[in-house]
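Before any questions on how it binds or moves, here is one chain, the form predicted on its own, in structure tokens.
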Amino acid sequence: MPGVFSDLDLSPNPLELARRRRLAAGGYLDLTSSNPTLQGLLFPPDILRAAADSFWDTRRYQPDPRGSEAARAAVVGYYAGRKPPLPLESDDVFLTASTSEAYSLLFALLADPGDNLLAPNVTYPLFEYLAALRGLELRPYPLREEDGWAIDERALYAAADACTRAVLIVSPHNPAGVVVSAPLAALSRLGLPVICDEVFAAFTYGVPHVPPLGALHADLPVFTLNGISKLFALPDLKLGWIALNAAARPFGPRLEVLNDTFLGANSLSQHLLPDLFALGMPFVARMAARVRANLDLALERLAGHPRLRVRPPDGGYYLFPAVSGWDDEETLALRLIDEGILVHPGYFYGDVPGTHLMLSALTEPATFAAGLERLVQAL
């Protein structure tokens, strides 16, 4: 069968089959959810209603290939207030339907089929599918668990060849939680464009703030990706953006053509964005406080466990503990489903040495606490 993904086995895997059986048999405690709307985290509806009211009376379809001017100005203001500030002009911002769409646009902008991109060996399972759509190779660079999941700069530099077109960085990282807090010499040596995904930037834990990579590396073209899905708990309203630092501005005209080809960002979400930034930050702070409280609880409860080694994350809302005494992550995850706990095994996130589990601290607090207790007992 021709076409993309034609060689994939799309039948349910053993973990999914076990999850369905457990659900039918009485359910489980889900410690994996990253969907805020299913965890009681709903952006204040009064703000959305008031912001939307002014949209309907003046509604006109006037597409701009970079996005509405007011929405882009709100993004510019957001980065002006970051530490350190990322100086942007309105034309440096491109609004998209999602971060995934932003990645797709940038993969097309920066690389041709047969080229390669450097990506972390541990990461959310998204890049491989987007790269396949473009016919690109992903070359992994390692994160060093023994060094807090920091990027192995020597290996990053060595992974590049004449067909490498860009480096992908996630900060805060999903799921390891590491934040790039200082310039990386290897990036400067490579001199390649950088795509930095910072969708978890509002969720800090071990560091006081998440520096925009485009500000740390003003010497390189840096494309910063973020959106309202994680920042404002609005994954259903579908709005993301790409912010170009000054060194990336030469790519702007071609990116404008690419974004104009799809015009994926809907007008209502763009209209809402200024009010989200102006009125929604107290809600963001409450979300971040919940995540920090859950992380505090997990680190306290799991500390000293003979089979778990847990590192406090710099940011994000995940824990990625290592587990000793189990050589097979799938067998462990299946055992935990039998015990009524749903977790993700480490291999969901790439070629991760050792045995790991992923836990989401976005989970509703009572469920999270009960799940931790059950996990401790099961191990």
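All values derive from a computational prediction rather than experimental measurement. Throughout, we count residues from 1 along the sequence that is shown.
Omitted from view is the form predicted together with a small molecule, to which the following refers.
Within 4.5 Å of some heavy atom of the small molecule in the model of the complex lies at least one heavy atom of residue 170. The closest heavy atom approach of residue 100 to the small molecule in the model of the complex falls within 4.5 Å.
Although the partner is absent from this view, residue 72 stays clear of the small molecule in the model of the complex, with no non-hydrogen atom inside 4.5 angstroms. Residue contact with the small molecule in the model of the complex: residue 290 places no heavy atom within 4.5 Å of it. For the small molecule in the model of the complex, the listed stretch (197-205, 152-160, 136-144, 267-275) containing residues with heavy atoms inside 4.5 Å is 197-205. A single residue from the set 283, 79, 251, 124 has any heavy atom within 4.5 angstroms of the small molecule in the model of the complex; that residue is 124. Think of it this way: in the model of the complex, the small molecule has a heavy atom of just one of 174, 259, 294, 245 within 4.5 Å, and the residue is 174.
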